[in-house]
Each structure stands twice: as C-alpha cells, then as structure tokens.
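What follows is one chain in structure tokens, specifically the form predicted alone.
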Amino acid sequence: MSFRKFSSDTDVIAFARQHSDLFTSEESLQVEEIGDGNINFVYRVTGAANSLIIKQALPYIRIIGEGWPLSQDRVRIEAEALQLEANHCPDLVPQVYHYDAEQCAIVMEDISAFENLRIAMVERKQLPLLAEHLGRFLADTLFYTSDLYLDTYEKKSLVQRFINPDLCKISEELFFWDPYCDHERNSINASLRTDAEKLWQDSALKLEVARLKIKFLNQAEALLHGDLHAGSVFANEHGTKIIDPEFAYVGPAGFDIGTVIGNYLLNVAGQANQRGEYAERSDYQQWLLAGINTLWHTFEQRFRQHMSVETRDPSLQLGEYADWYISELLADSLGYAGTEMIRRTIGLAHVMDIESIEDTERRADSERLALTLGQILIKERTTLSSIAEVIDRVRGELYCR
C-alpha cells in the first residue's frame, strides 16, 4: 500500500483502531483536528474513557502546498527520536504506540492533561517542576547520544539515522540568515524597522552568528530535539511533556539548551509590556530568571555526574576536560539563545509572548528588549562565565529601562 492522506474521520478512526488497543470495537469514537496546521495534520481520537493522537506528515508544507516539498522521512525521525528520548526520560515525552512508514503517521499518547508552555507563560503560570524537568531532559538526552557515552560505531550509526536535510535547511535559514538581512520572509513591526536596519549593519554580530552557524552545520555532538521552543513543551503542576522532535538531527548540544533559554527570555521581554499590574509582571520575570538558573544548574550537575561516572573514553574523563567542556557548552547555549530571540523578533516566526501585545509601540518596546538581549548573548557569550552573570546582565537591562 502506498501513501494515502487521511481523507475523512472514518479513515482516522480506522487507523486508530488498527494500531492501538485503547478502544473497544463497540464504542463510538470522535475525531478532532488539532495543532497549528502549518506543516502536518494532527488528530485527537477520543472514546468513552481513552484518547490518543495521530500525526500524519504530507510530502510538502501543508500551508504552502506542493510548491515547498518536504521529505516525509521527518515523521520517522520524530518517532525514533521520541522512542530514543523515552529510553532516558520516559516521563518527559509522550509514549509512541505505533509508527506506520507507509502512511507516514505516528500514533501516540494524548497529553491534553498538560498545557502548552507558551500559553502558560503568557498567562504567568508558575510551574514548580518545569525548570528541573527541562534540565534533566537536556542532560540525559544530550549525554547519552554523544561521544561521551556512545562508542564510535554507535555514534556514527546515530548520525546516519538522523540525517535530516530538509528540516535542517529551514533552521539554517530562519536562525542564521534571514534575520540578518532585509529578507522577504522577515516580518518586522514598522516601529522596529530602524532597529532591524542597524542590526543588519552590525558586522561584529554577523561574524559571531556565522561562527554559531558553522557549528550548527558541522558539529555532530549529540542528538538534538532541534525545535525545543515553548510551543514544543506541555506542562502542568505535576509534570512536563516534550513533543514534536521532527527537526531532530545530530548537532551542537548548545542549540537545544539555548533554544529553551531563549524562550524563557522572550517571555521576560514580553512581560515588560503584557497586560496586568507592573508588580505582577515583574515578579513573573524574576520567576523566569530563577527558572533559567535552576534549569542550567540541574543540567550541569546531572551532566557532570554522567561524565564522571559513565564516560567510556578514558581520555575524556579528566576533571579539567569536564570544566572546559561545560564552559564551552554554556557559551554555545548563550549564543544560540540569542539567535532564537532575534529570529523570533524580526524573522518569519514570531511568538505570542510578544506578538499578543496589542499596542504597537509597547510591542516594539518588548521587541527592542528581545533584540538587545539577543545581541548581548551572542556577542558576550564567551565572557559571561556563569549563569549567574547572565542573569545579572539580564536584570541590569531590565532595571535600566
């Protein structure tokens, strides 16, 4: 059987019954299409007591059509990445029930008990376990897919399995090219145009972005989620789920860490002008900064422990090497956090943390703060030697406003 797009609820229900044991043959099932609908089709199938998610990938970007073809191998990559992540953090990813290569579809756990993190942050919800969970996810998934743990043959096989050129090309352009020139794909608040034009002329910034880009292109360090923004995280007071690793590939570990940190800081910038009392918004900014601190220290402590106990190559077990490695990783993470902030501000894909600010000038103020923080993180990433210095630097920008 060749690929066939689900054309009706009946198709989706039949697929759900065939590839899961959650439903009885007698019960009536309902189908709801969910998700942003930009690239894939995502359906929730609900019965009397259970539900599941089906995600199907088309051979092109859904909102554009056949004019932008996209490899359907991305759904295999997503399924295998979720299964690999579940080997190390089973509580932090949805369970994959079935992957169907012919239909380019995944059947997986429904995580509707959790809320999209982007929305939760805009609403200023404080999630007590979030930062620790993100730090643990990053430490475990990055360490166990790196040369620090895998032998040569395992690592090279991993790189081969997760070659992902179509999705990587999207990231390469949206992160490292479009925002640094007057590209037709960019979306720029008219009130921010002068700031964008000044950024495009900043040769020192563009040099540092080029250095980060070449690492993204060539540094096969660990298996990345590849798109670890707040929209790919669901959370509540009791747990966290990380979804949608279809951009997964083997690249620089700091890219995933930096994308997460960048999304925390995008919300910091947004809260400067979101609705509500100043004190409430300021308190939430401090909660976010404390979260970055917890995330990084959870990551570092756990990653160092893994390196100390489980690194297989004796030449990589030196304590001095661990110190150097973590220092380099922090610098990379800050740089990639900066590129995430800039591309979400003057690039193609904005975030509701800032975009939902209705007043154009107030939105521009938050966008200007995001651009400022992004440039600081990129340019000063090698001189900010600890996460405490980073947080102090951010607080300094907030207090001088």
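Since the model is a prediction, treat every value here as computed from it, not as a measurement. The first residue of the shown sequence is 1; numbering continues from there.
What comes next is about the form predicted together with a further copy of the same chain, which does not appear here.
Chemist: So, in the predicted complex, is residue 321 in contact with a further copy of the same chain at a 4.5 angstroms heavy atom limit?
Modeler: Looking in the predicted complex, residue contacts with a further copy of the same chain include residue 321, since a heavy atom lies within 4.5 Å.
Chemist: Would residue 132 count as touching a further copy of the same chain in the predicted complex under a 4.5 Å heavy atom rule?
Modeler: It does not: once a further copy of the same chain is placed as it appears in the predicted complex, residue 132 has no heavy atom within 4.5 Å of it.
Chemist: I'd like to know whether residue 177 contacts a further copy of the same chain in the predicted complex, with contact meaning heavy atoms within 4.5 angstroms.
Modeler: Contact check for residue 177: yes, within 4.5 Å of a further copy of the same chain in the predicted complex.
Chemist: Indicate whether residue 219 is a 4.5 Å heavy atom neighbour of a further copy of the same chain in the predicted complex.
Modeler: Contact check for residue 219: yes, within 4.5 Å of a further copy of the same chain in the predicted complex.
Chemist: Thinking of a further copy of the same chain in the predicted complex, which stretch from 144-152, 123-131, 272-280, 93-101 has heavy atoms inside 4.5 Å of it?
Modeler: Stretch 144-152 is the one.
Chemist: Counting only heavy atoms and a 4.5 Å cut-off, does a further copy of the same chain in the predicted complex sit next to every one of 160, 165 and 172?
Modeler: Every listed residue reaches a further copy of the same chain in the predicted complex, so yes.
Chemist: Of 211, 185, 238, 198, which residue is found within 4.5 angstroms of a further copy of the same chain in the predicted complex when only non-hydrogen atoms are counted?
Modeler: Selected residue: 211.
Chemist: Of 74, 206, 297, 304, which one comes within 4.5 Å of a further copy of the same chain in the predicted complex, counting heavy atoms only?
Modeler: The residue in contact is 206.
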